[in-house]
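The data below hold one chain only, encoded as structure tokens and taken in the form predicted alone.
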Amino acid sequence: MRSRDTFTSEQRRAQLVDAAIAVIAEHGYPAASVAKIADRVGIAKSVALYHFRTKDELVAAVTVVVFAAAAEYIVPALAAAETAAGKLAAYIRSNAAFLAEHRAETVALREIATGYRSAEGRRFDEAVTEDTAANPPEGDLALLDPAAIFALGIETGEFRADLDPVRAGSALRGALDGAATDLARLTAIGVTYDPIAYGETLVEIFTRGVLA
């Protein structure tokens, strides 16, 4: 059984992560200081630094929380689809659904992805790539990389044999990143953005383009 102190610490860490998401989404990554995040929670900066020693640690926690939340949408959808084409459509639609229902998290992660630099100077994508190489996902989690879905479709004969799964995966990730960019840009000027409609467009474009 967890002690009261441990439970309180976990609650505080969760509060700080939620506050970091909100502050980064509203003010951008560079302006999201630990002091501003602590103020959002209503605590002193020193208390925030007790739970996260650096901004990098807090950013890492935010990334884990957002990726885990997205996986809860994507992994079950992929598992339920029986064909590669079905998994491709499920991947796109579940990503779009996450964007639609987790707008602040999407904008915050985009801000981190474009503005983050580690203490060693690594970009966000470099850090994620290195972490993934060190701890490669298995099973349905491996399909979180769309290149694996395209490779599966080539193997089963559903997709064109001349398709390059890595390039196709990069194209799809870029298209989904574009949705996050549009969401952030339009939200900032008060325009409603529909990720679901965008996702349906991607399903049509990519399905037509890769089927054998």
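On a predicted model such as this, the values are computed, not experimentally measured, just so you know. In case it trips you up, residue 1 is the first one in the sequence shown, and so on.
Beyond the structure shown, there is the form predicted in complex with a further copy of the same chain, which is absent from this document and is the topic of what follows.
- A168 is the sole member of A168, A70, I154, A148 with a non-hydrogen atom within 4.5 Å of a further copy of the same chain in the predicted bound form.
- The closest heavy atom approach of A85 to a further copy of the same chain in the predicted bound form falls outside 4.5 Å.
- Looking at E111, you'd find a heavy atom of it within 4.5 angstroms of a further copy of the same chain in the predicted bound form.
- The closest heavy atom approach of H102 to a further copy of the same chain in the predicted bound form falls outside 4.5 Å.
- a further copy of the same chain in the predicted bound form is approached by T201, whose closest heavy atom lies within 4.5 angstroms of it.
- Contacts of stretch 191-212 with a further copy of the same chain in the predicted bound form, defined by any heavy atom lying within 4.5 Å, are made by D194, A197, Y198, T201, L202, E204, I205, F206, R208, G209, V210, listed in sequence order.
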